[in-house]
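Single chain ahead, written as structure tokens, the form predicted on its own.
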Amino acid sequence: MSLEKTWRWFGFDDEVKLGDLKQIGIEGVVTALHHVPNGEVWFVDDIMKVRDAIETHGMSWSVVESLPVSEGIKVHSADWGRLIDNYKQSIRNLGSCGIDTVCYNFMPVIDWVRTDLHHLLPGGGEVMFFNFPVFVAFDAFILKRPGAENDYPSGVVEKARLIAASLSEAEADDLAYNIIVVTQGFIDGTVDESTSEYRKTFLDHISAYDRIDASRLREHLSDFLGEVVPVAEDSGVKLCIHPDDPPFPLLGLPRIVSTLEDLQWICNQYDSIYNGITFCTGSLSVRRDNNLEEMVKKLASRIHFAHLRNNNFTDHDNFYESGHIDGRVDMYSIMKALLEEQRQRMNSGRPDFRMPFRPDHGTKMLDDFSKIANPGYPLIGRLKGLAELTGMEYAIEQQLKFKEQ
């Protein structure tokens, strides 16, 4: 038995078509109803249209990524009840259509963050890069968020001040636009290309958290889980929260899904197999005090989905995405732990033993430069990662079989 090979697909406008995915050996598709506004119900007819198209090509809709948790739920806005009811109804509708895994996140305002979407590797490929002083330059001196300078170490702020002063107006605009819009619009972020005053809108969303610290945000997540996990249980839908990316505070916003303690706390809020985790090696590994080998073993029974990729640090908290098996993540140990958990589930009679994973992000290379793709999602780079991970998986499976003989 192997982990289920999945691929993130961005719908019918994606340049990578469903027929292409079948050719490269994908078993399950990871996608969402991107046309439905955040906070609204996902209706059965819309779900079935996507599911049927996937199944026509001999694959399954393996994971929903994601069913967005609207900002109103995170901040407990006045329409919290309506938003929660809509979320629960969407879960019911997904379950009625046979979709049994939902990845979501609870990151305030902004999902994943990078400062350079075209970082050049020595071999000529392009990856995404996070430069901490550059991000602080954006936050404190380009976005000019009130109080931003007090949220970062003074040495970093001084570096950021020099960086901001060195940028032309056009370069500063590009940096802000990439962080706020380009990296967020295609994943149903709070600000997309239709927003004219995107900086002001972004600041307005941030200001909604002025009185919400990590403790209060945890309360809101606990309330969310208490409402939706019972519905997920009844509907046969496993929920799996995605870690913060990166897993440390930015923009003065709290981060509560960043460490082993965070993830264990989440699992304990509602003790159910339907309250689970998306184990993202790329996100978790850029926090230096996270021990991923320990995390995957301690959390294994609640892992319903895995994002596998790698990173390397340059200095301080600066990092770049280094592909899938090369970098600071011991991918062999992670893959082995997941395969061992799969065997444990099968031996104990757990029905959810397929354990989907996808090659997360990838290096832009070769023909990728002639195609249009969302940031981090080139075809050839991800296909290379899938091949590497599949080869590693095969070798580990042979080792495990030998031990069992």
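One-based numbering along the sequence shown. The shown structure was predicted, so the numbers you read here are calculated from the model rather than taken from an experiment.
Beyond the structure shown, there is the form predicted in complex with a small molecule, which is absent from this document and is the topic of what follows.
Does any heavy atom of D111 come within 4.5 Å of a heavy atom of the small molecule in the predicted bound form? Flag for D111 set to yes.
If we define contact as a non-hydrogen atom of the residue within 4.5 angstroms of the partner, is K364 a contact of the small molecule in the predicted bound form? K364 lies outside the contact set for the small molecule.
Partner contact for L83 in the predicted bound form: the small molecule, 4.5 angstroms, heavy atom: It does not: once the small molecule is placed as it appears in the predicted bound form, L83 has no heavy atom within 4.5 Å of it.
Considering only heavy atoms, tell me if R199 and the small molecule come within 4.5 Å of each other in the predicted bound form. So R199 does not count as contacting the small molecule.
In the predicted bound form, which of 330-338, 249-257, 102-110, 310-318 comes within 4.5 Å of the small molecule (heavy atoms)? That would be stretch 102-110.
Using a 4.5 Å heavy atom cut-off, which residue among A300, L203, I187, A148 comes into contact with the small molecule in the predicted bound form? By the 4.5 Å criterion, the partner-contacting residue is I187.
Identify, from the list R287, K238, H242, H119, the residue with a heavy atom within 4.5 Å of the small molecule in the predicted bound form. That would be H242.
Report whether all of R8, E65 and Y377 sit within 4.5 Å of the small molecule in the predicted bound form, measuring from non-hydrogen atoms. Yes: each residue has a heavy atom within 4.5 Å of the partner.
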